[in-house]
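A lone chain, given as structure tokens: the form predicted on its own.
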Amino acid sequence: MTGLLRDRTIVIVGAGPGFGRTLALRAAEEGATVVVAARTSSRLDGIVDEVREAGGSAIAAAVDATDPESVRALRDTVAGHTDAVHGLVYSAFSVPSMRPLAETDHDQIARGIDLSVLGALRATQEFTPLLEAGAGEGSPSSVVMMASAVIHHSRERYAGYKIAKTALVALGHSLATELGPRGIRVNTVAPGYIHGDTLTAYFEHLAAKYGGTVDDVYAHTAAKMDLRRLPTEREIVDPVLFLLSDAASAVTGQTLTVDCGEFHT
């Protein structure tokens, strides 16, 4: 631990069991009070318990990022605990349709944009006053939005997801320009494959469908990466912690791709 986020309050919207859990634990290790928020509130208690058992401070709150009133209620819950927020991470996620555009229902695309893009905008709008209160001279507050390396390719069946995540990056650019004068930085992180339980389950599905083993699927996928491996959850989380910290105090309006070298951006 380095105390990178000591005495800071970090709100994580979309704190699921994989990336969100790891981020909450790591941010707490670095001294932050973490607010974990997600639609499935039953998942949050376990994360909070883990953070507290490790000596950290955590708060759980349910939120539906597609519902403006729910996001506002989250803001009110956080405001009841603190008068300033120093970091907001938006990582709400749903499984994309994985169909070609010719077969994708327009409502599916609209739902993806609502969750990925408008949800991020709702959260940022609601928390802007608290983030502004958390900004200090030479120590701006930070918003980090989780995009995806899908923005760098046009592979079949990823189109709906790419539309939403590309729009999220554009949102981050515009918010960085608008909120910079208020002491708030805005950046996006674009992970590639994240080697964790969710991806392993998907690889198991592919191995059963096409033959071979999970290790075979991993090796085939990793062969596309410069480092010949896939990033772990920790390796996605640590760049997010950097962007939340004063080590990145002059970094805003940027998109950081973390994918072990699959794409060069």
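Residue indices: 1-based, along the sequence shown. Fair warning: this is a prediction, and the values are worked out from it, not measured in the lab.
The same protein has a further form, the form predicted together with a small molecule, not shown here; the description that follows concerns it.
Between the options 51, 60, 237, 65, the residue in contact with the small molecule in the predicted bound form by a heavy atom within 4.5 angstroms is 65. Distance criterion of 4.5 Å from any heavy atom to the small molecule in the predicted bound form singles out 115 from the list 115, 169, 84, 73. Interface residue remark: residue 221 is not counted as part of the site for the small molecule in the predicted bound form, having no heavy atom within 4.5 Å.
Although the partner is absent from this view, residue 91 contacts the small molecule in the predicted bound form, with a non-hydrogen atom inside 4.5 angstroms. The small molecule in the predicted bound form is approached by residue 39, whose closest heavy atom lies within 4.5 angstroms of it.
Contact annotation: residue 78 falls outside 4.5 Å of the small molecule in the predicted bound form, judged by heavy atom distances. Residue heavy atoms within 4.5 Å of the small molecule in the predicted bound form occur in exactly one stretch of 99 to 107, 125 to 133, 141 to 149, 180 to 188, and that stretch is 141 to 149. Although the partner is absent from the chain shown here, 161, 165 and 193 each have a heavy atom within 4.5 Å of the small molecule in the predicted bound form.
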